[in-house]
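Next up, structure tokens for two forms of one chain, structure 1 and then structure 2.
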Structure 1
Amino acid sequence: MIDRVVAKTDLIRSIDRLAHEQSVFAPVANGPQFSFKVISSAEEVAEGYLPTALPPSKHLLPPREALLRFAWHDELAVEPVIEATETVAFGLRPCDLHALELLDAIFVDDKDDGHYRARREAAFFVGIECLEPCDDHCFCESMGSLRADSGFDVLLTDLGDTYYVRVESTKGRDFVLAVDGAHEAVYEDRTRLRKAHEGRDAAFTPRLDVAMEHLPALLAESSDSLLWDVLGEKCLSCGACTNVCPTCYCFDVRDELNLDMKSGERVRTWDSCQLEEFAMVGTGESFRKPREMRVKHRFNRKGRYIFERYGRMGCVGCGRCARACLVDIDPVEVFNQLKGRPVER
């Protein structure tokens, strides 16, 4: 479909209409922070928001979900539980779109998780480009996630009083055609888009001292670095970094019985590799009991292991882990120190 241009006022009216017809998730101001919530009006949407405390990927992987229900009477009866409703996710940043593409590769292309896939197929993603850095914590330019070329149904670029609209799916086409006043982009519109991208490219500069494609080798060579001991002494093993990460997907599964002791649910809940019990086995030993081992494992997951398996970086440079960390462990500083900056205790 040919790109479109839509006035902001017309888009707001369309979002208002959608919010009355189905669930629309959008970034909303929540005190000094922002979060994705179901809105009832486009007036609630926070424009120019910082990355939300929790990423939109958590909608596809909720903190607690029932996988199946079971009951035992004369025989065992098992019923899968797959809950998915048509949802519009509005205002996703490029870094979060990259994270969702990684989760698609894991939960659809690789494992074909029916619960994730059902939510993914019911979701409609409206992305919005970043034209300036969110804050001092983001490093999406260094991780190759500043620009989004896929993973969305519609991508918006702010051109002042209008949005330039790229359409990448049938759902996106139907959405744009329903917006009153949307018209085909012409030469002048594409010129404004190019200038916006030139301004964006000038505003973002790489923050890492190592190229993204060299991170796996750097981490492999740094297995015995003193830095891991230093970080292990600082880390509280609270799991905040993994809870806010848009690409973390570790979970625990347990069966919960009802009071009749004959029925219940199998439940999937969030878990964290930073917790000591995550790698604990039945006899009580933990394969990653020292904190420095858990910290090193997380950085290897983000910069090495996931890339080796899926060809995509496990970190998108959104900066959420650095914002959430209570002891100021910042992945930019970690990677740069591994590259060669001095390590201090």
Structure 2
Amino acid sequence: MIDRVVAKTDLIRSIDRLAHEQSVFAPVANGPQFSFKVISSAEEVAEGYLPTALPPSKHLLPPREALLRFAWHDELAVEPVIEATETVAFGLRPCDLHALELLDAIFVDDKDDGHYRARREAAFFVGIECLEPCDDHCFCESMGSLRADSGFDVLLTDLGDTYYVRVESTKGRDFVLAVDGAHEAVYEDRTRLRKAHEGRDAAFTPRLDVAMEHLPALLAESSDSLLWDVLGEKCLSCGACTNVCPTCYCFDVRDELNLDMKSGERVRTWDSCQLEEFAMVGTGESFRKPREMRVKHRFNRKGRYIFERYGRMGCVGCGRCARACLVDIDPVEVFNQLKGRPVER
């Protein structure tokens, strides 16, 4: 499709209009942090934000979601809850776009999960490229997720007072054509885009000592590493790392009965493999009780299991888990130490 260029002010005005008409989900500042929220005006949108506290996946796979509703009237009646609101997700970073594509591969392509799919199909993604590292924790470049090539309707690149808009869907075309003064990208625009990309490529340096393709093998051969014990001693099992991770999607399912005792919902809620109860069975036995086993499991999911199953990395290098961890468990350190860097106790 034809790429366009829009003035920033025009795009913001367009977002503002949209925000008054429909649900627009965008990053908003919260003290030093940022969160995706449904905005009511474009003023709320934070520019140049760090990866949000919770990932944008919370829109497609909410932390708490009803799957079924049931009630006993004359008979027991059970119905699925499949609800979706048309939503524009504005300002998705490349790392998050990669993570959302992984979730699509799992919940749509593989599982055909109608609850997820309804929301995914009602969502419109406006991506925004990163031209410099967001902070010291990010390592998207090493995980192959700095460059977004798919998974969005439009992708913005900041060219100063304009955005270069890459258009990938008809919905995306309609979106950009609705922006005042949008014009087709011409040779000069493409040159500026290329310059921006060159600047980006220079600004990001690899942070992992191991090539992404070799992570699965590295993890497979590191099963007995002492590093897991060191991490297991430190880890608080607080679940912060999994809650904030854009590729984490494990969940619990349980029934909630209303006070009338005649109706209720079956809900799914985010869960975490870092919690002792996660692998515990009715008889009280936990199949992943030692903390080091749980930490090891998380890193293996991120760098190995997901890749082996879905052909995409389970970590996009957004650095959220490292930012959130109170005891400084950081995937960059972990992978590099497995690769041979000394471990500090």
Partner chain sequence: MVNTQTTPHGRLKQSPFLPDMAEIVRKERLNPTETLYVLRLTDGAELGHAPGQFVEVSVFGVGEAPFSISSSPTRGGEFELCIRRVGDVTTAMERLGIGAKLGVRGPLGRGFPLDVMRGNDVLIIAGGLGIVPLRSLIGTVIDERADFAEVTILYGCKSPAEMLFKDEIAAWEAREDIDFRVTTDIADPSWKGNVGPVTTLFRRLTVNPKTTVPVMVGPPVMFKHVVKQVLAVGIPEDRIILSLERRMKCGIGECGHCQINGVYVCQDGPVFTYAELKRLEEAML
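By convention here, residues take numbers in order along the sequence of structure 1, the first being 1. Take the two forms, find the largest set of C-alpha atoms that superpose within 1.5 Å, and that set is the rigid core. Because the structure is predicted, anything quoted here is derived from the model rather than measured.
Working note: structure 2 is the copy from the form predicted in complex with the partner chain; the remaining copy is not.
The Cα position of V253 differs by less than 2 Å between the two structures after fitting on the rigid core. After superposition on the rigid core, the Cα atom of K262 is displaced by 2 Å or more between the two structures.
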